[in-house]
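Quick setup: one chain, the form predicted on its own, written in structure tokens, and binding and motion questions come after.
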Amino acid sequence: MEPGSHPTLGFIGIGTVGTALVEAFAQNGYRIVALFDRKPASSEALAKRLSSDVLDADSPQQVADQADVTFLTVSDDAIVSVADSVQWSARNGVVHCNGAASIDLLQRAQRQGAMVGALHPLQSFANVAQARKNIPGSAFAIEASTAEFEQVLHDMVDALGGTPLSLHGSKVLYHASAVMASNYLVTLLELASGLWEHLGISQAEGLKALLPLVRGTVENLEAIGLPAALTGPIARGDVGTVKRHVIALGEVAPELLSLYKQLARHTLPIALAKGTIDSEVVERLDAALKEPRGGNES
């Protein structure tokens, strides 16, 4: 398996991530030779869309026997059991796509001589169509058992138009960071848009109104970075507005007040670093966030 060349690929697990990666690799010069899914209809339909040469395999072993590199795009909890069910050899590369786990999940395959790796797209895969659209430009976290196989994975990411990241340190922290930036953004917007119902406007309409604001914030982050992209009452040192937020939330949504205050406190050092407020204003804002005028939260 030479870096720079295109190994043949097989996939075990044809869900959203598996399907999106299969189609992305196929569109960028990689030959997909075999697919397997525990729901045969999934692998059969995708195989037919790709080419008559793609094997709709009867077992994970058949995929490993056909492909130079086999991707395990199964659920996180199934990676070890599926990998351990296959007999691997030195001609195999095997890759999982779990964002929080290391290549240690593939220890048995490595002991059998296979090169093992992890390739995690740092992207939100809500559905296949959106995932295909989002892959170019995305970062991919890479781990590999050998420098040679790491380069093979780097080449794959390059072919997809992504940015390869070789991780050093805790992969769990990397994944926690991703969850905070992506998954919990959805949670924040669910909570924020829910407040609009107190204004006589539906949550769906509230979300629609908030999304351009979110896009603008993301564009600011991309264009000018941290801390310059921070705006709003904390960045302005608007103590009165923050006090009014605390009072209003305490009255109509006390269950959100603690979260609001925690986020505000974490925003204080960002505003200080931006240089739009000084330490005296930070103290006044912090005092406003400690005032017990928000109902159930103190």
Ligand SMILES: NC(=O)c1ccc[n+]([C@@H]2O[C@H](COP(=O)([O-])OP(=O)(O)OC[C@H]3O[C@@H](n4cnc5c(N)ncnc54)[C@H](OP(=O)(O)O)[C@@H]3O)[C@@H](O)[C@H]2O)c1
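Position 1 is the first residue in the sequence shown; the rest follow in order. Please read these numbers as outputs of a predicted model, since none were measured by experiment.
The following text describes the form predicted in complex with this ligand, which does not appear among the structures shown.
For residue 82, is any heavy atom within 4.5 Å of this ligand in the model of the complex, or not? Contact with this ligand, yes.
Can you tell me if residue 220 lies within 4.5 angstroms of this ligand in the model of the complex, counting non-hydrogen atoms only? Output for residue 220 is no: heavy atoms all beyond 4.5 Å of this ligand.
Does residue 117 make contact with this ligand in the model of the complex, using a 4.5 Å heavy atom cut-off? Judged by the heavy-atom cut-off of 4.5 Å, residue 117 is well away from this ligand in the model of the complex.
Give a yes/no on whether residue 14 approaches this ligand to within 4.5 Å in the model of the complex, heavy atoms considered. Yes, residue 14 lies within 4.5 Å of this ligand in the model of the complex.
Looking at 49, 244, 38, 266, which has any heavy atom no more than 4.5 Å from this ligand in the model of the complex? Of the candidates 49, 244, 38, 266, 38 is the one lying within 4.5 Å of this ligand in the model of the complex.
Candidate from 187, 166, 75, 170 lying within 4.5 Å of this ligand in the model of the complex - any heavy atom: Looking at 187, 166, 75, 170 one by one, just 75 meets the 4.5 Å heavy-atom criterion.
Hey, with this ligand in the model of the complex, do 134, 159 and 162 all fall inside the 4.5 Å heavy atom range? Verified in the model of the complex; spot residues all out of contact, no.
Can you pick the stretch from 221-229, 91-99, 198-206, 106-114 whose heavy atoms fall within 4.5 Å of this ligand in the model of the complex? Going by heavy atoms within 4.5 Å, the stretch is 91-99.
Within 118-145, the residues that have a heavy atom no more than 4.5 Å from this ligand in the model of the complex: If the 4.5 Å heavy-atom criterion is applied to this ligand in the model of the complex, 118-145 yields 120, 121, 123, 124, 125.
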